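Shown below, as structure tokens, is a lone chain in the form predicted on its own; questions about how it binds or moves come after it.
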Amino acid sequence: MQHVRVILSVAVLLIMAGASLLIGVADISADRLLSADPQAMSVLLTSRIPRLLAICLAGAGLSIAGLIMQQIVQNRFAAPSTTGTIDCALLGYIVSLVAFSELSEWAHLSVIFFFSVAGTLLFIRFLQRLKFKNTALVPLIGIMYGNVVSSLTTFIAYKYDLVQTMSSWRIANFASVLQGNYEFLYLAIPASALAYYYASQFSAASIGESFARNIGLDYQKIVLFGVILVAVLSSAVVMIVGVIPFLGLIVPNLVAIFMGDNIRRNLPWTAYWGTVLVLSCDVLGRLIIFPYEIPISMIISVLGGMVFIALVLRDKSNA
């Protein structure tokens, strides 16, 4: 049964990957690729393959970031988009454009990463002081916190005439991904590998600080390490693609509903379904008003919002 599930999963991924490579304004049909048409090969190598890889890395990375966040915050509705991490990353991006515009992209990524870590740690420290942690209350506080950070970002953008730049990053779109401008997303690979290696520690931290200390773990270090991984995964996606809302929230929850709460077993499937979901939404965005494209963030916002409400209602009915 397990082998059948893996074979079907690989087949679905290959079908979606093939659709992503072939669907678009530029005609690169299989016939033209097999005949080594120079124009079709150029489009394939400079645009379609980088776009496909960016989708896979961003989808898997943000979904894993959501899974880690839910473990260290001990809340199934926590995710980079509901704990202020994404908003802090966007603030870091605007600050890097204002203060370090002459520096390299690595410097910009470092600034985004710093703001993501600092903002997320501030939110977690606040949560640790709360006596009542209702399941739905935590994401609501996170969304409010994110709105405050977002307001500050908007103010800076207005002051330095960066509103248009900021708006473009709020709407994630893979159409601008080309060879040479997406490679930072490869940071998702080592970050995901580390998340898998330390999965048992994150799982222990999800039970609580007392349990983690009783089995000899340094709870605060585990939380800090988890925040760093979440920040790395979120920062790279925000810098290259933009903001993809709800992805880190809905995918880990849907995987957990069907596979249980074993984080080590769920992590590869979370990465897989995150990839398939982003691939599906991206292909759908290219087809709805073809030859124009709908940004993927619009499709995932609608889908993620409905799933989020369904999860809240399901959690309430199971309480």
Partner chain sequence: MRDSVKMWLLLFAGIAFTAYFLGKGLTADNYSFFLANRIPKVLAIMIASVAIATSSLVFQTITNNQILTPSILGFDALYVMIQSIILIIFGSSSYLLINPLLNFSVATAIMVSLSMGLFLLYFQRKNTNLFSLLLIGIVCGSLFSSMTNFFTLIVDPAEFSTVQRAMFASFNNVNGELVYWSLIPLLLAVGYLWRLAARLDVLWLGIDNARSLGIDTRKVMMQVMLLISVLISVATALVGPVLFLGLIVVSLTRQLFRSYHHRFLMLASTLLSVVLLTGGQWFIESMLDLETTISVIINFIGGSYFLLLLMRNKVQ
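Given the structure is predicted, the values throughout are model-derived calculations rather than measurements. Positions refer to the first chain, counted from 1.
This next part talks about the form predicted together with its partner chain, which is not shown.
Ile141 belongs to the set of residues with a heavy atom inside 4.5 Å of its partner chain in the model of the complex. In the model of the complex, its partner chain lies within 4.5 Å of some heavy atom of Phe246. Taking the partner from the other structure, its partner chain in the model of the complex has a heavy atom within 4.5 Å of a heavy atom of Ile289. At the 4.5 Å threshold, heavy atoms of Asn147 reach its partner chain in the model of the complex. Of the residues given (Ala136, Leu178, Ala193, Ala99), Ala136 alone sits with a heavy atom within 4.5 Å of its partner chain in the model of the complex. Think of it this way: in the model of the complex, its partner chain has a heavy atom of just one of Ile207, Ile189, Leu152, Leu103 within 4.5 Å, and the residue is Leu152. Comparing 106-114, 217-225, 230-238, 152-160 against its partner chain in the model of the complex, the single stretch with non-hydrogen atoms within 4.5 angstroms of it is 152-160. Contact here is defined as any heavy atom lying within 4.5 Å of its partner chain in the model of the complex, and by that definition not a single one of Ile7, Ile15 and Leu22 is a contact residue. Residues of 291-313 lying near its partner chain in the model of the complex, listed in sequence order, are Tyr292, Glu293, Ile294, Pro295, Met298, Ile299, Ser301, Val302, Gly305, Met306, Phe308, Ile309, Val312, Leu313, the criterion being any heavy atom within 4.5 Å.
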